[in-house]
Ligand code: IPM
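Encoded as structure tokens, the following chain is the form predicted on its own, with no partner shown.
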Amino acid sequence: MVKHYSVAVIEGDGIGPEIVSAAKNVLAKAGQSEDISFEFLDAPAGAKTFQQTGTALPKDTLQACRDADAVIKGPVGLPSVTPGVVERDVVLGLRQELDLYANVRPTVLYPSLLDQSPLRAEKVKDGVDILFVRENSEGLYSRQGSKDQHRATDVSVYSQKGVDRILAYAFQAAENRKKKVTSVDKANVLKTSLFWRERFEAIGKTHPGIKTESVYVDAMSQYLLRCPSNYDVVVTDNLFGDILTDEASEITGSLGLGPGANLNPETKTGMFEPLHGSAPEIGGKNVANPIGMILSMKLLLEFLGHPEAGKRIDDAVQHVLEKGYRTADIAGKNTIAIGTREMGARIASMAGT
């Protein structure tokens, strides 16, 4: 029996429409091979929508995202729109309106891209496979604060409910991996971080089979470059997670390779997007790397309960990379340069076989 899902699609701005188109095609092909079908529902949001309608996140789009089984979101934002408008209303707005408290960002260095990592071979010879779990609804990104001509404030507030649920998610994820959780904070300076560390230590005691450690964020930014293979599940707050995952993605060869998921397992709500921004300077030029967006479809399928279909996507990406095909950001010696559309088409073809 074929399983049907409705998916709200926010194409976004800049390179968004190109990489979303590639990802939808891959998702459909992988689904067909496992008797899964998708209905894609247009849900406009972002800078272009703001310019056309006066709002970056229309009420109809928000409702479509609430009603759908999953949401695909391309990157949003254009330099012609005041910085912060789209990010607050769309990026943070959707995460908070849908209570998508877990931002999950896998960082994997594929063997075929070892030569593209900026780290020396001895630093990554044991592989890099880190699952970043970032708190997504509280902290400094909770849209609390004020600004006038003489002063600006951003308020970071963490509740026990908010901290405990993201830590619980991280420990649950570690049970199915290498059974290690690293918490990143700044507990020697920030009261919110001290509270975070106290809750981490308390919850860690309820998971005796999981190895735990706490690391200051400034130290972690160095350790990711010195010994990335030491880490399994890394859980941290909103701001630190935003910064560290961008740093970590470069270890894999390019920010364009990084997938992401925004999840609420309790309400079974998920929004899937790449790590990177809209890159309007290359929008429409068929040069953007769609792999981060495509690998986000793997996370979508896993979230919907179809890991076999998700594995098809991961295998397809690896196969195409092993054949030497590359977009401009990961091109190297003895590789075959292709554009966004061809990369997406090749991965889709493999995912459907």
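These figures come from a predicted structure and were not determined experimentally. One-based numbering along the sequence shown.
Not on display, but discussed next: the form predicted in complex with the named molecule.
Taking Leu92, Arg95 and Asp242 together, does each of them reach the named molecule in the predicted complex with some heavy atom inside 4.5 Å?
Yes, the whole candidate spot contacts the named molecule.
So, in the predicted complex, is Glu198 in contact with the named molecule at a 4.5 angstroms heavy atom limit?
Glu198: no contact with the named molecule in the predicted complex.
Is Glu87 near the named molecule? Define near as a heavy atom within 4.5 Å, in the predicted complex.
Output for Glu87 is yes: heavy atoms within 4.5 Å of the named molecule.
Taking 4.5 angstroms as the cut-off for heavy atoms, does Tyr141 touch the named molecule in the predicted complex?
So Tyr141 counts as contacting the named molecule.
Taking 4.5 angstroms as the heavy atom distance cut-off, pick the stretch from 198-206, 218-226, 133-141, 119-127 that is near the named molecule in the predicted complex.
So the stretch in question is 133-141.
Which residues from 102-117 come close to the named molecule in the predicted complex, meaning a heavy atom within 4.5 Å?
Sequence-ordered list has one entry, Arg105.
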